[in-house]
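Next comes just one chain, in structure tokens: the form predicted alone.
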């Protein structure tokens, strides 16, 4: 989860989030190099009183500033497309979980299990235990198995919502009358926090999401 004064992204707990962080650093380095080069050239042009005649009409320079941006765009596009295909649908997901947004709580349905569904409300401050986080804790945590491919179906009962868990690298809109699908997986057990990321009314900021990833055998015991 995020910490006070944090400037970077949250620590990754899924392969997709690891790739997103690597792509962020890759793109940021390209932006830094381009900005440094442009600032250097601008400073040279502003500080010199001489004019190089060949820079005003030169085919070589025009070819360079046409081909070089194309190469840079390809360097950005290739890893971006790789991540896009990584987020595609799993062929055989281990589990299907449906999340439905309401004003102002989430309800969850485990499609592979009978009668396994519940609502998840924000935990009032006076019910919090030591170590639990204000405005992030819920009364019913969503329990999932770690190291498993999980299909997530997201919809809404009333208005637009958005189901987002930053450390897993997932975020999708919950739209009334429509099912959006994402895939998620966690490589380690633990608690992972998210929130509704689409303004949905007066209590929009009181719709936290808590995922608890546990081992396979523990999940089967919990689900039974």
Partner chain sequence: MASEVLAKPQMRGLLARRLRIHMVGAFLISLGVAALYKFGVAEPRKKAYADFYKNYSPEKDFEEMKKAGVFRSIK
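If you're wondering where the values come from, they're calculated on a predicted model, not measured in any experiment. Superpose the two forms; the largest set of C-alphas matching within 1.5 Å is the rigid core. Numbering follows the first chain given and starts at 1.
Beyond the structure shown, there is the form predicted together with the partner chain, which is absent from this document and is the topic of what follows.
- If you check the partner chain in the predicted complex, you find a heavy atom from every one of 191, 212 and 222 within 4.5 Å.
- Taking the partner from elsewhere, residue 143 is found to have a heavy atom lying within 4.5 Å of the partner chain in the predicted complex.
- The partner chain is not drawn, but in the predicted complex it has a heavy atom within 4.5 Å of residue 132.
- With a 4.5 Å cutoff on heavy atoms, residue 36 counts as touching the partner chain in the predicted complex.
- Residue 200 falls outside the set of residues with a heavy atom inside 4.5 Å of the partner chain in the predicted complex.
- Exactly one of the stretches 108 to 116, 95 to 103, 76 to 84, 133 to 141 approaches the partner chain in the predicted complex with heavy atoms within 4.5 Å, and it is 133 to 141.
- Once both forms are fitted on their rigid core, the CA atom of residue 64 lies 2 Å or more apart between this form and the one not shown.
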